[in-house]
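Here we start with a single chain on its own, the form predicted on its own, put down as structure tokens.
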């Protein structure tokens, strides 16, 4: 492989406009040969695909010494150690696969991703994902201000690649953060705010995420609102929307899992998303195989090909809620990174059921009878629960019940 990698964002948007929804796995393997096999199978799938290199847990937590020991001892890793493998090895993994018809993204989960970013750049890759909030609060106890500094530095490092003719790309994970019990207004706001953060640190190609939740109509409205706010806040920037298949407990039955994945594909089409990150029928049990990932990609592609976008979703006030949350952060400081830190300190952003010490933990949510996510309490955020909220406490049993809502729904509908 020679020269810079093609721009991930432009490649996805071009493929989407030409052929339909782009589908992408979460795949990652420590062995370069297996990783290459997985990428090749993804590219060969009967679908419009993007490739993924998901890094291992040692690398995402910054323990590169442990990653090196694992490689030297032959220990199996749960992802690809991109900061430990020689860049030449990774370039060989990509040779003949990465190209204008097959973009590849590095996925990780790190609040401090500098080693990951340098590793991927050295290997010729220019696309990754995460964010200063979304890859900090759910995954550990890293200080939010520290994560903001790290992500600012990484965004600026990626932006430097434009000088070499590349168009780097960052996807915010903000619309997925603990998404299975986070009302969509906050997910939309976090996705837009992290996208704005990337742009202010030099990026010109970004994607905004949103995780499929528990009510299809609510999700359709959320995607409409996300696109509207992106148009307002990210003018002059290349952006697209990516939907994630449900991130709560996945159905145990194969037919239930495939039905939920197909619903995610139909949601992505109806919501104008360019890309869908899939889950497989093995999600409830173990890490999926390459073949299971390919089957999921093809299942999603078939569902997307026959999806009917339908009429515009009904408006329920979600736009106003998300807009107030974004504005409530932006007015705190001209520097968006400092504004995000202040917003969490003041409780203007408050993620329900997130135990990170920088989160105020005064908000709460619940599922209503139709499966819509609603606010029970909003703490000091500049929004109010519909109808004044509810004072009923969410017990451990209630939390598990909410997390398993779609599992039960789709498994119970599965054939005996």
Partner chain sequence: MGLNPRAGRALRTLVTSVASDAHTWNLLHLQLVIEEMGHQVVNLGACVPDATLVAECLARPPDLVVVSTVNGHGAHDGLHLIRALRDHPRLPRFPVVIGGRLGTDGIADPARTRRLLDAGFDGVFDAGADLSEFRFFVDALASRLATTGSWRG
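What you are looking at is a predicted structure, and each value in this text was computed from that prediction instead of being measured. Numbering follows the first chain given and starts at 1.
We do not show the form predicted in complex with the partner chain, though everything after this point is about it.
**Student:** Could you spot which one of 299, 180, 150, 293 gets a heavy atom to within 4.5 Å of the partner chain in the model of the complex?
**Tutor:** That would be 180.
**Student:** Only one of 229, 112, 329, 77 gets a heavy atom within 4.5 Å of the partner chain in the model of the complex. Which one?
**Tutor:** If I apply the 4.5 Å criterion carefully, the residue I get is 77.
**Student:** When the partner chain is placed as it is in the model of the complex, which of 150-158, 84-92, 333-341, 133-141 ends up with heavy atoms within 4.5 Å of it?
**Tutor:** Result of the contact check: 133-141.
**Student:** With the partner absent here, would 57, 61 and 355 each sit within 4.5 Å of the partner chain in the model of the complex, counting heavy atoms only?
**Tutor:** Each of the three qualifies.
**Student:** Since only the chain is shown here, I'm wondering whether residue 399 would be in contact with the partner chain in the model of the complex (any heavy atom pair within 4.5 Å).
**Tutor:** Yes.
**Student:** Can residue 362 be called a contact residue for the partner chain in the model of the complex at 4.5 Å between heavy atoms?
**Tutor:** Looking in the model of the complex, residue contacts with the partner chain do not include residue 362, since no heavy atom lies within 4.5 Å.
**Student:** Could you confirm whether residue 237 comes within 4.5 Å of the partner chain in the model of the complex, counting heavy atoms only?
**Tutor:** Output for residue 237 is no: heavy atoms all beyond 4.5 Å of the partner chain.
**Student:** I'd like to check something about residue 254: if you look in the model of the complex, is any of its heavy atoms closer than or equal to 4.5 Å to a heavy atom of the partner chain?
**Tutor:** Because no heavy atom of residue 254 falls inside 4.5 Å of the partner chain in the model of the complex, the answer is no.
**Student:** Enumerate the residues of 274-304 that have a non-hydrogen atom within 4.5 Å of the partner chain in the model of the complex, in sequence order, or give none.
**Tutor:** If the 4.5 Å heavy-atom criterion is applied to the partner chain in the model of the complex, 274-304 yields 284, 285, 286, 287.
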